[in-house]
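Next up is one chain by itself, shown in structure tokens, the form predicted alone.
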Amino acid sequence: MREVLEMWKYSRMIASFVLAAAVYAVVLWVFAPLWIIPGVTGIRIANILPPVFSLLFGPAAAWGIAVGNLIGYDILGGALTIGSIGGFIGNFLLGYMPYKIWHRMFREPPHCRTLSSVLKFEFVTLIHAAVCAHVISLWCEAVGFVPYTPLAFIIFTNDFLAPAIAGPILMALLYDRVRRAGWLWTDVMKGYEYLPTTVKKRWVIGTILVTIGSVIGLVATIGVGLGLGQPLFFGPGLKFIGTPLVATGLVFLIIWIIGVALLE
């Protein structure tokens, strides 16, 4: 994760950050959401952009998506609340997870011109949507702002469906152009591999844990919120955390954090 700090040493990465933040903020503001929960979340056309920006600009996109959402959605869009803290972190992860998994796990570029490239794109989009929904909703539940279950479902649907459908098209149009221009994040930040020469075992384990912590964690925590089955991970030792839902969500979040650590 050191690249998210080191990027500030490079002027072209700062330019990529400004570009990602500005475009995302403007699209969020111009195409104002159709509110589902007024002032909290709605249908967002701009969610097509995060995985594409992530795979092009790497850590600059992570910061850009987080700041762009804060400006275009929270401040200009009228959704600045206590939930915006979780929103900043969740949107940072929208821009963080796709490039992180891709440059550790996949040897094929994300040009989305082959079926295998598209399927890999859909996988990282699934992960980024699940972890964003889980983090934001868990925060909002923990602070008593909005219940986890409906919010998680709405955020995940927003963050997955639009980029899963339109993202590969946009990626196919932009990837080669950005690569030829030398603006891929690893072209700017020397010492980082865009595609791995070898896939280490710990990266595979890390990706598995990230998948469990985000996708399985989201489903399991929603299940607890719906009252399906017995709450997970809520023995006597975890009751100090709060509700069964929060305890369950935190355990899966820890699994995700361990997975991310192994991807380093």
Partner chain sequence: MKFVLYVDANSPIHRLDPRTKLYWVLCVFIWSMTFNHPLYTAAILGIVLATLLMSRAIKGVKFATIPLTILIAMCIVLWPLFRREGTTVLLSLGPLNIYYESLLYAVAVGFRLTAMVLAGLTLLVTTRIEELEAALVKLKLPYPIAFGVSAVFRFIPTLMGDAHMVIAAQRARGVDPLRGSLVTKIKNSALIVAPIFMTSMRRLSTLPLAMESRGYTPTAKRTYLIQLKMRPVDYIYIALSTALTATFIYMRLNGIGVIYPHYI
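Numbering follows the first chain given and starts at 1. These numbers were taken from a predicted model, which means no experiment stands behind them.
Missing here is the form predicted together with its partner chain; even so, the following discussion is about that form.
**Message:** Counting heavy atoms only and using a 4.5 Å cut-off, do 55, 102 and 252 all touch its partner chain in the model of the complex?
**Reply:** So, no: the whole triplet misses its partner chain.
**Prompt:** Pick from 97, 146, 155, 135: which has a non-hydrogen atom within 4.5 Å of its partner chain in the model of the complex?
**Reply:** Contact residue from the list: 146.
**Message:** Within 4.5 Å, heavy atoms only: does residue 205 come near its partner chain in the model of the complex?
**Reply:** Residue 205: no, not in contact with its partner chain in the model of the complex.
**Request:** Answer with yes or no whether residue 27 is in contact with its partner chain in the model of the complex, where contact means some heavy atom within 4.5 Å.
**Result:** Yes.
**Request:** May I ask you to check whether residue 17 falls inside a 4.5 Å heavy atom distance of its partner chain in the model of the complex?
**Result:** Yes.
**Request:** Determine whether any heavy atom of residue 114 comes within 4.5 Å of a heavy atom of its partner chain in the model of the complex, and answer yes or no.
**Result:** No.
**Message:** Within 4.5 angstroms, counting heavy atoms, which one of the listed stretches 172-180, 114-122, 127-135, 89-97 is next to its partner chain in the model of the complex?
**Reply:** Answer to the contact question: 172-180.
**Sequence-ordered list of residues in 117-131 near its partner chain in the model of the complex, where near means a heavy atom within 4.5 Å** = Heavy-atom contacts to its partner chain in the model of the complex: nothing from 117-131.
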